[in-house]
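Coming up is one lone chain in structure tokens, specifically the form predicted alone.
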């Protein structure tokens, strides 16, 4: 009997403590009602409540949450059905409003997203829809912000994950894309061929220019070499003439210094003629001026004069 009383007391104490002491983790908050009316918020850490009188209505996670919106089929302005998947990122910033402003704010966010999406897509054509994900996300976020502000919920981001047109439209788009890519490939190939021809022509032009410049340079150098050779040859001839003249001048100077004047030379010449006249030839021709010169040498001159007279 005593053990039963002890167990009851322990259970009562445990229940009392559990109703009195509340430990709230970080980034969570509890909404406390006292006698059915909002009283206060439980903040992270240790909190003390009055059992039975105070009651924790709900706990909210203050971290950024995400909610997937089920794929929605909407109709574009040009009457094409597309299926859109969307995901919403939100955060509870007002726990009291999130508790009493709406029964289920996640459900409300999804419904507003669906309605807003249909309204936006209904004003856009298919091509605009396929290329306007950013605009769709922005418009949905603006519409959600206006509605969820009084719920204590802030929409952080809206992402349009996928937009799926009908299969026949997808096939047509695939064919159009392939045709566009083939066209682009043909254009690129033609552009490459054009560039190749231009580069080849430019290379051939540069090659001819370089060859012409090389030939010009070779001819210039050849002419310059020939001119220098002629100059050197003329210079050599001039120096040779100067050397001969100098040698002749030196020889004459040496003959003068040795006393070999014109009369001696004439005498030596006639000595040589005398030897010639002893040969088979019976006639010897002597210039008259030479005889006059020899006249100044006396008997020798007379001899040749007589011989001249005999002739």
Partner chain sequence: MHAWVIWLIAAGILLVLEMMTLTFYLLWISVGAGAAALVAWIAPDAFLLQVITGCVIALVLTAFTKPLAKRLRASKGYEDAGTELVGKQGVVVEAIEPGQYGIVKIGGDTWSATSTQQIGKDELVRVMKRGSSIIEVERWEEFI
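Note that the structure is predicted; figures quoted are calculated from it, not measured. Numbering follows the first chain given and starts at 1.
Keep in mind the form predicted together with the partner chain is missing from the figure; the text below concerns it.
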query	finding
Answer range among 68 to 76, 109 to 117, 85 to 93, 222 to 230 for contact with the partner chain, defined in the predicted complex as heavy atoms within 4.5 Å	85 to 93
Proximity to the partner chain in the predicted complex, single hit among 252, 258, 46, 243 (heavy atom within 4.5 Å)	46
Check all three, 132, 176 and 190, heavy atom within 4.5 Å of the partner chain in the predicted complex	no
4.5 Å heavy atom contact, residue 27 and the partner chain in the predicted complex	yes
Distance check, residue 149 to the partner chain in the predicted complex, heavy atom within 4.5 Å	yes
Partner contact for residue 138 in the predicted complex: the partner chain, 4.5 angstroms, heavy atom	yes
Residue 164 within 4.5 Å of the partner chain in the predicted complex, heavy atoms	no
Stretch 10 to 44 - residues with a heavy atom within 4.5 Å of the partner chain in the predicted complex	10, 13, 14, 16, 17, 18, 20, 21, 23, 26, 27, 43, 44
